[in-house]
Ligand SMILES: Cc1cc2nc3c(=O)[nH]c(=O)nc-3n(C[C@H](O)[C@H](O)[C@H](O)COP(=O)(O)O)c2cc1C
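Coming up is one lone chain in structure tokens, specifically the form predicted alone.
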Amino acid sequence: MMGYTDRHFRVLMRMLAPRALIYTQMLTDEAVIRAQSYTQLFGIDHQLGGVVLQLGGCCPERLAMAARVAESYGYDAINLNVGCPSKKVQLANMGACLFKTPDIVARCLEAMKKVINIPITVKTRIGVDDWDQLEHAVDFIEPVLAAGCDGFIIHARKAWLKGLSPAQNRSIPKLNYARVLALQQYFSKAHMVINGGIHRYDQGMHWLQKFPQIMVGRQAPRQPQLIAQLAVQSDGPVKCAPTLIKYLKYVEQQLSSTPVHHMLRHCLGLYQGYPAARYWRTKVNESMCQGQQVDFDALISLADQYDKHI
């Protein structure tokens, strides 16, 4: 998710869920090709393990170049985003508008497959605009699968390319999980992952009984507790102080090159859904304003108190 799953957020997610597959925010092929510092762009993803670079693009040659960079950096897989409906992304002929041109997506897959050995998956919607019937999704998936796609992450909601903002596209129209199940049945040998509307532990466990994997999107930065619960497969509260201690050590190491608020903002939701969560957010916000003088010990002490009462 652009603006959320940055390199610091991915470090926190790995600490909360050691075995989870983590996706970067979408980066354009040009951003990867022209990057002056892979450390600034990718962070320590190559050390975390199990991280997938999500790319946006429509040019087979440029995507192949970006994919080669990603493999050399140590990413475990590439994910091509064919689901983002934002106007800016559409103007670059990327994201959800590519749903209507599966031949282009197939050529992109073929070009990347020729130059890298790591898996390549595609994230898409169940439809776009009036292309929203089962046969439209089948017509998209068939050529992309034939081009060598290693799996599909299906957001269970179609996208409207005009008239709705990206935020509205995350709630309109209603989720259609039955369509994803139908696609899984139709392409029984393809690796399918379900995405969209997974906000609670019981929902996640329900879909893990039907799919080999699930993708949790915007709920991850809002409620990191959910990721921790899924990681340990328990609907009970997960104590966060041990993770916070490790993450704040990482933050301290990055302070010379990164403003503290860029890193601490990912801790705002650690106790979301539990008593006094608002007070926790207030104290984290205050710490974000302290700059280099931030009192990490105070945050750890507060987290210890929360852990004793949840």
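Note that residue numbering begins at 1 and tracks the sequence as displayed. Keep in mind that this is a model prediction, so the values were computed, not measured.
The form predicted together with the named molecule is left out here; the points below concern that form.
Original post:
Which single stretch, out of 106 to 114, 191 to 199, 140 to 148, 204 to 212, brings residue heavy atoms within 4.5 Å of the named molecule in the predicted complex?
Top reply: Of the options given, it is 191 to 199.
Original post:
Which residue among Gly74, Gly217, Pro237, Pro119 has a heavy atom within 4.5 angstroms of the named molecule in the predicted complex?
Top reply: Of Gly74, Gly217, Pro237, Pro119, the residue with a heavy atom within 4.5 Å of the named molecule in the predicted complex is Gly217.
**OP:** May I ask you to choose, among Met263, Val52, Met26, Leu270, the residue with a heavy atom within 4.5 Å of the named molecule in the predicted complex?
**Re:** That would be Met26.
Original post:
Quick one: is Met2 in contact with the named molecule in the predicted complex, heavy atoms, 4.5 Å cut-off?
Top reply: Result yes; Met2 sits at the interface with the named molecule in the predicted complex.
**OP:** Considering only heavy atoms, tell me if Lys158 and the named molecule come within 4.5 Å of each other in the predicted complex.
**Re:** No, Lys158 is distant from the partner.
Original post:
Given that the partner is absent here, does Arg179 sit within 4.5 Å of the named molecule in the predicted complex, heavy atoms only?
Top reply: Residue-level check for Arg179: no, no contact with the named molecule.
Subject >> Contact test in the predicted complex: Gln225 vs the named molecule, heavy atoms, 4.5 Å >> reply: Gln225: no contact with the named molecule in the predicted complex.
Original post:
Considering only 120 to 148, what residues come within 4.5 Å of the named molecule in the predicted complex, judged by heavy atoms?
Top reply: Result: Lys123 alone.
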